[in-house]
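The data below hold one chain only, encoded as structure tokens and taken in the form predicted on its own.
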Amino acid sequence: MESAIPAHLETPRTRHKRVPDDYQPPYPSFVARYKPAVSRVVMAYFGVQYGGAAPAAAMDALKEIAGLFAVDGGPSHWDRARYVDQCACENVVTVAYWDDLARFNAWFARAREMWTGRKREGVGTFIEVLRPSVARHETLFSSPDRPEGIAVAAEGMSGEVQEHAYWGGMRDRLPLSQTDAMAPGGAPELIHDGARLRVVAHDNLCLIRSGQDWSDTAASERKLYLDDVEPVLREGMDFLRDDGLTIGCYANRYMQVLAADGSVSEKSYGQSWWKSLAALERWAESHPTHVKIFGAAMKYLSTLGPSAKLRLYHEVTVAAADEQFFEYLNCHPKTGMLTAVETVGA
């Protein structure tokens, strides 16, 4: 059994794992493995926001960003999802991934000016980027044969790893956790750049993307998931969206992944910004909404056992202050990290 932390990032621990060295997890899980030469990864969220029916400007923007992804320096992988936010606005978010920071930096200036550098009639746009060192990032997959998100840009998957299936496993998979508590530092600030609003967050901001894929399930399992698990998951996601600030969650989106033709697929993910990894851990371990999600998932998995075809994954980043970029144009004040800035709209 492997450690989730790759050998070249292992270091003598000053902060210890939550489990002993002989811990045996009850089921297999896997992590993405990057080439040792990869020192940073990039995840860039490009969102378009509008009310009512999709205006032509929104569709044009989506085509334009997809075209930029195809040029030299574009991402190794990208996908697209949609959700309706707490202000009843439709949001279509395209997230793109790189494993080469220099390539991203050379590409990004043009994309930024195209996306948030000009107003579009009836449309808001936003960019949310993290470019963490690999020591500040971890992934987890229930199956090794279908990567999602940043893992598509990785070299491959690990064998079975030890650090999972216990509270604290998420932290233990982060290489930086061997020596650093990753406590947050500072407070979010708002910067006006013409019509654009830029949020400067703080050190050790946390991002999680946590996904579900039920496309392989047969009719009976699909019904069990959609009737017994998904509504409980949605309830928790709605709590984080509407009341997350009370527990350290700045913003949450429960996204429906879109297929290549724009139709809704049988995949979803929650994507949320947290004040700290510790705040995310507290919600996961003890908040009633997540306890309910965990209970529904365990009942589902215990009912089906090894025959379950539902695929689960997540990616978690704890980003340094200089690894973050947030910019918004013509978006409502509850969009993304704008929610974290108390002076918005003042």
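Here the structure is a predicted model, which is why all the values come from computation and not from measurement. Note that residue numbering begins at 1 and tracks the sequence as displayed.
The form predicted together with a further copy of the same chain exists for this protein as well; it is not shown, and the discussion that follows is about that form.
Participant: Suppose contact means a heavy atom within 4.5 Å; in the predicted bound form, does that hold for all of Y23, V291 and F294 with a further copy of the same chain?
Facilitator: The answer is yes; Y23, V291 and F294 each reach a further copy of the same chain.
Participant: Is A308 one of the residues lying within 4.5 Å of a further copy of the same chain in the predicted bound form, judged by heavy atom distances?
Facilitator: No, A308 stays farther than 4.5 Å from a further copy of the same chain in the predicted bound form.
Participant: May I ask you to check whether G262 falls inside a 4.5 Å heavy atom distance of a further copy of the same chain in the predicted bound form?
Facilitator: Flag for G262 set to no.
Participant: Would you check, heavy atoms only and a 4.5 Å threshold, whether A278 touches a further copy of the same chain in the predicted bound form?
Facilitator: The answer is yes: A278 has a heavy atom within 4.5 Å of a further copy of the same chain.
Participant: Under a 4.5 Å heavy atom criterion, is S286 part of the interface with a further copy of the same chain in the predicted bound form?
Facilitator: Taking the distances in the predicted bound form, the answer for S286 is yes, it comes within 4.5 Å of a further copy of the same chain.
Participant: If you check M59, A321, A66, M298 against a further copy of the same chain in the predicted bound form, which one has a heavy atom within 4.5 Å?
Facilitator: None of the other options qualify; the answer is M298.
Participant: Can you pick out, from G156, P231, G186, G168, the residue that has a heavy atom within 4.5 Å of a further copy of the same chain in the predicted bound form?
Facilitator: Filtering the options by heavy-atom distance leaves G168.
Participant: Exactly one stretch in 158-166, 103-111, 198-206, 123-131 has heavy atoms within 4.5 Å of a further copy of the same chain in the predicted bound form; which is it?
Facilitator: So the stretch in question is 158-166.
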